[in-house]
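In structure tokens, the next block holds one chain alone, the form predicted alone.
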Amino acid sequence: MLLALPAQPIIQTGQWVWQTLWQIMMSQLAPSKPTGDYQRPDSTFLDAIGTEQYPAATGRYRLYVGLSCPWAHRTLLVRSLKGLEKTVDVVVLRASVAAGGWAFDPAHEGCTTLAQFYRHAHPNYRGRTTVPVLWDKQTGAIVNNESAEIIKLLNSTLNEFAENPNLDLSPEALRPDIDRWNDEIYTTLNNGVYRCGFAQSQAAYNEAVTTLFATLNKLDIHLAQQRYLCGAQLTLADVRLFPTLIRFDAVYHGLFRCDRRRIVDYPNLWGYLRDLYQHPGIAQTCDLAQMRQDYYQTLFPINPGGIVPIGPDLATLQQPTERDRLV
């Protein structure tokens, strides 16, 4: 029941002002197609470690990440799983509404924001300033800012310095399966949650949310028979899926309107998520409180009140799974 609302002209004026401001802010936050469908921009820096320009070395490279960012989370996962903590150091940025993106606290290399850092290194750069960033401390240059490429580099190019050099998250025999899963999961799920949350038309949202839950249903059936996406071995496909799943019930289900079902409602996906969380080296990369805070407080156009929900009980992630019986 609607009680004690302002007069109709005030409501209509407020709606018009808010919708106009929302469209302006969303056009900056989440560029879209004419249909209202969110369109993620491509990454710009795509160089590799192991080249003459960027040789493999310990202590030379650094990752710049935000703990709430799922794309940056991938890189922290591979760094931890491979045992590269002593080889590749990390600088954590914070999400800042005032900065209009990622910020340093305290200032870093004379920069207070990631945008300044990008342009300090590459003065002519005018693109989006995103995490993760793989940085070469020796030349003062960005090597790569595409998470899908960075995790491949961390998996294969620094083995001589890794504590777990024999762990291969992308074995040649499994690469066709890994690539197939990555393509489908990125389009419908990793980016799919953003297509739901950043949709600027009902039709765009309906299409995104339908394909998203079709993929979750497919994954739940698939994971009934095997422990990981590509069989009995953890791979980069799992690394790319996990950051979306761990944020789903805490963030995407509510904030991004992905509310048909939660991950906890899928018996096999829920067991799979807990199994991964309990894998050595993974839980330490997860800060769910920071994830909720950053999403709910900094994505002002879709949560203008800035109220952060309490979220699910994290202790449930430690419940036993018995998924090690699967092959």
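From 1 onward, residues are counted along the sequence shown. Because the structure is a prediction, the values reported are computed rather than measured.
There is another form of this protein, the form predicted in complex with a small molecule, and it is not shown here; the text below is about that form.
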Looking at 249, 220, 146, 184, which is the one with a non-hydrogen atom within 4.5 Å of the small molecule in the predicted complex? 146
Among the candidates 276, 49, 69, 263, the residue which, in the predicted complex, approaches the small molecule to within 4.5 Å (heavy atoms): 69
Of the candidate stretches 138-146, 165-173, 221-229, 78-86, the one with residues having heavy atoms within 4.5 Å of the small molecule in the predicted complex is 138-146
When the contact criterion is heavy atoms within 4.5 Å, does residue 243 count as touching the small molecule in the predicted complex? no
So in the predicted complex, does any heavy atom of residue 132 sit within 4.5 Å of the small molecule? yes
Although the partner isn't part of this model, could you tell me whether residue 152 comes within 4.5 Å of the small molecule in the predicted complex, counting any heavy atom of the residue? no
Does the small molecule get within 4.5 angstroms of any non-hydrogen atom of residue 268 in the predicted complex? no
